[in-house]
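In the form predicted alone, a lone chain appears below as C-alpha cells.
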Amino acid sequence: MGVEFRDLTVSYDGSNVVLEGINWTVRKGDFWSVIGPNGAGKSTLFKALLKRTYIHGGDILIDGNSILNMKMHEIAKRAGVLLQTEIYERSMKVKDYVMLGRFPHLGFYSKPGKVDENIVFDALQKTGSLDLRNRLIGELSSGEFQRVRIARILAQESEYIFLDEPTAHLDYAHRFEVMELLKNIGKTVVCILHDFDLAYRYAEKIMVLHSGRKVEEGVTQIIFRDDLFQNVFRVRITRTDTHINIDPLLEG
C-alpha cells in the first residue's frame, strides 16, 4: 500500500496548470526526497494532498482510496502534511499547539484524554522540544518553532508524513538531528529539500520536478548524476560516499 499520484494535473484557478501528468508512487516504508528548482511545483504537490489546489485531472490515492472521496480528517489520519507556511495563534502554548495534531482522531466535540497527552509528550520529547511545552508560540525562535511543528505532525500519528523543507531555519546541528529523527521514526517520509547534501545523505529515493513535470525518479545514488544536475539545476556536482560537492555551471 502507499500514496499514489496518478496522472495528476493541478492548477490554482482551474486554468493555469502548475503540475502536469505526475505519476509517482510512495510505498509504505519509503524515505523520499523531492527536489527541483524554485517554481518546479514541489510545494503544490503537497498542497494537492490537502485539496488546497484544483485537481484538474488525475487523482491521488491513499492506500487505494481517492482523496476526492475523502473528508479532510480522513486524509489527515493517513497523511500528515507540513507545509512551509501556516496560520497559527502566537499566544497559544506549545503543548496546546502540538495537541492540534490529535484533532483528526478526536473530532470537534471530544476533549483530549490521557492517551493524547502522552502522545503529545512523546512527540515533544522526540523533537527535543519538551522544555518548550509551556512557552508561547510567539516566544519561539524560528528553529524552535520548526521543531515544534514537526512534533505536531508526529502527534498526528499518520503513516505517511510529507514535509516541505523540514530543516528550514535550523542550524546545522539541528538539521542533522531532525533528519536523523525522520529517518528513524518508523514512518513513511517524504521531504522537499533544497539542501542536496541532506537529500543525498538521508533519502533512499529521489523524485526530481522541473517546470511542473516529473523529470526522473529512482534510487538516490542513481539520481545524483552530474548530467542531470547540470540540465535541471545548472550546477556541477561531484560526490563521495557521504556528501555532495556543488559548483556553479559557468558558461563562456
Partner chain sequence: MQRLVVLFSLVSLGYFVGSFSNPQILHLRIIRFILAVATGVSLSSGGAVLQTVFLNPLAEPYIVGITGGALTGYSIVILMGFYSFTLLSTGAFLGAITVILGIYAFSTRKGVLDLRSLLLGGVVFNFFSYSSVLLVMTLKRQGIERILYLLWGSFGVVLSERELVFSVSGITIMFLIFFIFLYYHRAFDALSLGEDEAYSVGVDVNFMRKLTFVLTSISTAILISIVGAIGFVGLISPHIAKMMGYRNHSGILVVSTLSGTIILLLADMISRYLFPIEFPVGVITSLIGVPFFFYILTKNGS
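Since this is a predicted model, take the numbers as computed values, not measurements. Positions refer to the first chain, counted from 1.
Absent from the display: the form predicted together with the partner chain. The rest refers to it.
Which of 188 to 196, 46 to 54, 25 to 33, 209 to 217 lines the interface with the partner chain in the model of the complex (heavy atom within 4.5 Å) = Flagged stretch: 46 to 54.
Proximity of Thr85 to the partner chain in the model of the complex, heavy atoms at 4.5 Å = Within the cut-off, so yes.
query = Does Asp96 reach the partner chain in the model of the complex if we count a contact as any heavy atom within 4.5 Å?
reply = So Asp96 counts as contacting the partner chain.
query = Does Ile119 make contact with the partner chain in the model of the complex, using a 4.5 Å heavy atom cut-off?
reply = No, Ile119 stays farther than 4.5 Å from the partner chain in the model of the complex.
inquiry  = Is Ser91 part of the interface with the partner chain in the model of the complex - any heavy atom within 4.5 Å?
reply    = Within the cut-off, so yes.
query = Only one of Leu181, Ala76, Leu140, Ala168 has a non-hydrogen atom within 4.5 angstroms of the partner chain in the model of the complex; which is it?
reply = Comparing distances to the partner chain in the model of the complex, the residue within 4.5 Å is Ala76.
ask   = Does each of Asp13, Phe103 and Gln156 have at least one heavy atom within 4.5 Å of the partner chain in the model of the complex?
value = Yes, each of Asp13, Phe103 and Gln156 comes within 4.5 Å of the partner chain in the model of the complex.
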